[in-house]
Structures are given as C-alpha cells and as structure tokens.
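One chain comes next, on its own, written as structure tokens: the form predicted on its own.
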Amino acid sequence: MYTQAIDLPGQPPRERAASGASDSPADPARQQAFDSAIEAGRKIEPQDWMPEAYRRTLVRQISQHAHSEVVGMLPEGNWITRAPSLRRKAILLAKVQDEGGHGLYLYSAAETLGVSRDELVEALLSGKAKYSSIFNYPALGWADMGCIGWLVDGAAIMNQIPLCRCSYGPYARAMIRICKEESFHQRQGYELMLALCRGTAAQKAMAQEALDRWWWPVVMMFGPSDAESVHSAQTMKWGIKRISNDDLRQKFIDATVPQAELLGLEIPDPHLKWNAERGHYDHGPIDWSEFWRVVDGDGPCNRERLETRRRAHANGAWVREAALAHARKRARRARQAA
C-alpha cells in the first residue's frame, strides 16, 4: 500500500537507545556492519544498531500500514448488519476482526523502534499520518464486499508478500501471519463475486458495477509510478521494499484479468490488451491527479473516515483508562506478594 512520508514527534533518548538507532553522522564501523547485514540478507533486530534514517523510514511505513488496516475496517464494518445471510455476516465479521488484529501486530512492530503507540495514533487522528488511499472510497452496495476482498486484498497480497522478506525482523515476522489471513480474505472476496456472477442477471450487474468503481482506485493502490516515487529507491536499497510500484502493479493486473474473465466480468479499461512481446497486459493511462487529490485529503470519504476514528477513540477512552487501572492494580498486588 502506498504511504507518504511523515515526521513523527521525536522520541526521548531512552526510547531511541532501545531501538539501537543513532543520530551520529559518522559511525563507520557500525554503518559498515549494518550495510554488510543488509547486503547478506540478514535481519536487523530492535537491539541492533541502525541508521536513524532507516529507523524513521520503518516507523513511517509500518505505522501507516497499521493505520491502513484499522481504517480499512470501516468500509466493510458498515455492512456487517446488512449482510444477506447469517453465513455472510459471520464471514464479514471475522474478516473485519482480522483487520483489527493486523493493525495491532503492526503497531507492536513499530513500537520496537522506540515510538509509542500513543504517538502513532495521535499522528493518525490529527491527520498528520497517511493511510492507504483506497479506504477513502465508499462501499455503496453488497457487491463491494466482494470487490474489496477480491481486488483490495488481492492488491495488498501482491504488496505484502515481499514484505515477509523485509530486512527488519519484527516487520517481516508480523507479515507472515498477516499474509496468510489476507490470502483467505482475497479468496473469500472472489467466492462472493463468483456467487453473484452465477446468480441472477441483476446480481451479476451489481458485481460489474462494483468492479467498474473499484478497478482504478485499486490499480492506484501501489503508489505513484517509479519515476515519481519519492521513497522507493532508498527503501529497496535497504531491503525494506523488494519490488517497485510499477512491477507490483503489473503483477496484479496480469493475475487479475484472467480471474475477471472467469467471472464473466469486463475490466473497465478500453486500452487493456495482452502484449505477447512483453508477456504482460498493457493498460490505459492512470489518472494520477485523482490519486494525489485523495492522498491530500480530498477523496470521497477522507473526512468521514478520520471523524469516525476520532469518535471511536474518544468513546473508547474509558476502556483504556480501566485497562490501565487494572494493570496498575495487578502490578501493585504482585509487588506486595513478592
């Protein structure tokens, strides 16, 4: 998923030291050891020394990935009570719950870099942090639940499987479980689309209409073209990212077009055609002006999504306070027992 650079508030020196990062402009021996580990494909762990720029990049990427998982619950969560059957309701409820769990895994991974969860959440609620642009589009009908699973989670899988080989250990390990669950989500979405396409003419038309709306926003999910991507070159050099935006986008299109053909649906791109010489599908021009407009906060649901998260955070304050009070009480009892 695309993420945009942010500058998070500085961490106290004690927390920075815990992450192994250093602000020192010249630390040749440690830098050489870090570079050698990256080149050899070894994992960087929280206790290892790392350049401050590497740490900041990971905080940005992991936290914005976590934000995407949490905000990504909203388009589908709104349809849980309107599912057409108990089976579909249970499936969607489980999927939304999974997404919340993914956010927790990723926030925990980010915390190993010396940044607190409160800081990360505040960056999201204040609008300073970004999340995937795809979640600023509305889910208008039940077929959208199939499209989100099939296309959005399918695109996420393309992006996230290489992250299982990320150079930062906690992120790579979190992604292994996340990818297993996202793969199930993609299959669930495709199964829903298949049921619609094998149903009545009205159901198939509903599936086609949803595909028409979601296709281009999903194609944009992989971020700007490689020529315009600010962070790709450095993150690939560090082994955080393994495949470029354009290559991931091409892999997604090549994999998805045959799936659409099996469903009997038409991809809404008149320029789409197989290029035998390249061995890939050619696609039409992408409207990057829309992409940047949504990223910059002017998408169909940007304000709605953030307001929903702010309201949920405020309404959950008493739960957090109660949990902290309970933890303090247990700690006090443990000290007394000792």
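Position 1 is the first residue in the sequence shown; the rest follow in order. Just so we're clear, the structure is a prediction, and the values are computed from it rather than from any experiment.
If you look for the form predicted in complex with ligand FAQ, you will not find it shown, but the lines that follow are about it.
Overlaying ligand FAQ from its position in the model of the complex puts 3 or more ligand atoms within 2.4 angstroms of backbone or C-beta atoms here, which marks the pocket as blocked. Of the stretches 190-198, 158-166, 107-115, 204-212, only 158-166 has residues with a heavy atom within 4.5 Å of ligand FAQ in the model of the complex. Screening Pro170, Pro224, Gly77, Gly239 for any heavy atom within 4.5 Å of ligand FAQ in the model of the complex leaves a single hit, Pro224. Note on contacts: among Leu92, Leu124, Val152, Ala143, the single residue with a heavy atom within 4.5 Å of ligand FAQ in the model of the complex is Val152. Among heavy atoms of Glu119, none comes within 4.5 Å of ligand FAQ in the model of the complex. Contact check for Arg55: no non-hydrogen atom falls within 4.5 Å of ligand FAQ in the model of the complex. For Gln250, no non-hydrogen atom is located within 4.5 Å of ligand FAQ in the model of the complex, even though that partner is not displayed.
The closest heavy atom approach of Asn245 to ligand FAQ in the model of the complex falls within 4.5 Å. Contacts with ligand FAQ in the model of the complex, taken as any heavy atom within 4.5 Å, map within 44-71 to Arg60, Gln61, Gln64, His65, Ser68, Glu69.
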